[in-house]
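Only one chain is given next, in structure tokens, and it is the form predicted on its own.
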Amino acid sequence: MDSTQSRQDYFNDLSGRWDGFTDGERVRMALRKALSTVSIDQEEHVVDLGCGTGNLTSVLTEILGPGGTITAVDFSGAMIEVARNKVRDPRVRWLVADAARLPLEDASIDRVICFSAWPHFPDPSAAARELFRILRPGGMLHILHINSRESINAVHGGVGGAIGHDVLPSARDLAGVLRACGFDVCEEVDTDTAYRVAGEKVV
């Protein structure tokens, strides 16, 4: 069994219990705070990459206007089903897909937000290249966690198994990956309370 299949099986198996591991409203409050400094236009087409059970998707429905749209993507079909049942909004399109092979057109997306999912992509460079492809010129990529890198990596290491080696790199190293794929990196935050890396597609 390859590593991607192992991760899919892991998240599919946990999908029905996932929301019991965290305080969903606390997570959504932290996301609202983190996104309050991001200038999201109400009419944007935003990709929620690694949407899980839909916490970020839910927050985005509050931020976007009637003309805004969200494509919520996860490689776990079971996670998507949980999210779909929680977030019933016609502006949301749900996709089961790999981050490195997205069924989206070139230069069709205004913004990609990847919340609490980046360590689970087995080929970060391939994912970054794919995100560069789908973003329009001037489009933004945000990689976001509301906990420290050290705590995230400790959790993954402690769980072991399919996600035991899913490591979040330093913001500096991740910024280097994005630059190598063509992004102009405009934010690097790597503290004991937050992790954010953002890049703009400049062509």
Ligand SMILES: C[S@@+](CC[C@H](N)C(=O)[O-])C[C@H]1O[C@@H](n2cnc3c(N)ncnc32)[C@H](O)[C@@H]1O
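In this text, residue numbers run from 1 along the sequence as written. Treat the numbers as computed from the prediction; the structure is a model and nothing was measured.
The next section is about a form of this same protein that is not shown, the form predicted together with this ligand.
In the model of the complex, this ligand sits beyond 4.5 Å of every heavy atom of residue 91.
Using a 4.5 angstroms threshold between heavy atoms, residue 132 stays clear of this ligand in the model of the complex. Residue 79 belongs to the set of residues with a heavy atom inside 4.5 Å of this ligand in the model of the complex. Heavy atoms of residue 98 reach within 4.5 Å of this ligand in the model of the complex, making it an interface residue. The stretch among 32-40, 63-71, 50-58, 170-178 whose residues place heavy atoms within 4.5 Å of this ligand in the model of the complex is 50-58. Contact annotation for 7-36: residues with any non-hydrogen atom within 4.5 angstroms of this ligand in the model of the complex are 11, 18, listed in sequence order.
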